[in-house]
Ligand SMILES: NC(=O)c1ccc[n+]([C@@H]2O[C@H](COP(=O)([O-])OP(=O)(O)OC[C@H]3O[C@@H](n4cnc5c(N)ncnc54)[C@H](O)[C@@H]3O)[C@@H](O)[C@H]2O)c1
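The chain that follows stands alone, in the form predicted on its own, written as structure tokens.
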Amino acid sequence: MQNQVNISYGSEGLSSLVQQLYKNAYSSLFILVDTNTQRECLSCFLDQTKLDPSAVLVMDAGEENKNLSTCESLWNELSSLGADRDSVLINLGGGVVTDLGGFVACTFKRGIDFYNVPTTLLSMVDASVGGKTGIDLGPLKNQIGIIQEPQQVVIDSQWLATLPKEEVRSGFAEMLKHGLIADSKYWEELKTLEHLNPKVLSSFIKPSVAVKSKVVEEDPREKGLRKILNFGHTLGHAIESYFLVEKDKQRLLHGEAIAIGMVLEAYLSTHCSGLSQEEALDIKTTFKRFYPKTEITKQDIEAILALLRHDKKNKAGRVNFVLLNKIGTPAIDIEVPQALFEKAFDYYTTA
């Protein structure tokens, strides 16, 4: 059974969102934003849609707030404001807002409808699409959650103008990943871009969403094919978690950590799944051009590798990787000898 992803774009998407909200005659409407989208996007969104929400819920911005405490606060707020099972939640924000907001909606009174309006490039091409909702468990990424598609995802590139360049770069990593796992021509197009200009990148959003949507529709519960979307994420999530909790480290955005993970896992692919050294070098060189190198010490590596045992793809104590046979052709459920991990980090850190 296919899992249909209802995605619409631009001003027409916003219009269809409003029509669907009125058609469903919800008892009350709530909008979830974080402190960034409250400042940068909320008034514009309300002006364009003419919606009159029962309340706007505001959470603190940042991955460190994607936790049960924030959920509990929002559940209490919804309850005190009289939300019922016929209420609806619109998540207006980046990946933290759409992930957490979707989870809050799925669990409040055993489930209310929700809609995603992603405002970051990362959320547009990845987080808001595919129905994965959830929160972190301490430093461990996305350990608690539910797979449930929103009623609709409205992708509007106008919001990209509100983003700092680091957030644009973060989202671009997932776009590069789509090329690596599914479309070598798309990879070639993206890697030759001179600058990560939001106007230029906006034309590549639909192809990226198409890659993810096709995979999700064929394998909504991640039993097989959907695992390919995790390329770069096994080590990347561990790196992201480590840099999030270490007080003497500057935290990495999701895409920045995944970019490192893809270089590491490209190296592992040369040993475990047949990726050529030339293609691995192409991957490393491309990410080096767009992403500044992050210093990772031997002590850091030990702590990062200790986090691997919590990866959601593990089975019976085995750490399973998604690797590449070649650019555009992934391989799933690959077990990697631990002796290669430190060599992969050496590969990342060397020129």
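Just so we're on the same page, rigid core means the largest C-alpha set that superposes within 1.5 Å between forms. In this text, all values refer to a predicted model and were calculated from it rather than measured experimentally. A residue's number is simply how far along the shown sequence it sits, counting from 1.
FYI, the form predicted in complex with the named molecule isn't displayed, but the following is about it.
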| query | finding |
| --- | --- |
| Heavy atom of K141 within 4.5 Å of the named molecule in the predicted bound form | yes |
| Close approach of A61 to the named molecule in the predicted bound form, 4.5 Å, heavy atom | yes |
| Non-hydrogen atom contact C41 with the named molecule in the predicted bound form at 4.5 angstroms | yes |
| S276 within 4.5 Å of the named molecule in the predicted bound form, heavy atoms | no |
| G111, G82, G224, P164 - the one with a heavy atom within 4.5 Å of the named molecule in the predicted bound form | P164 |
| F172, Y186, W159, Y242 - the one with a heavy atom within 4.5 Å of the named molecule in the predicted bound form | W159 |
| Answer range among 123-131, 74-82, 203-211, 258-266 for contact with the named molecule, defined in the predicted bound form as heavy atoms within 4.5 Å | 123-131 |
| In the predicted bound form: members of 29-50 within 4.5 Å of the named molecule, any heavy atom | D34, N36, T37, E40, C41 |
| C-alpha of K206 off by 2 Å or more between this form and the one not shown on rigid core | no |
| Shift of K191 between this form and the one not shown at or above 2 Å (CA, core fit) | no |
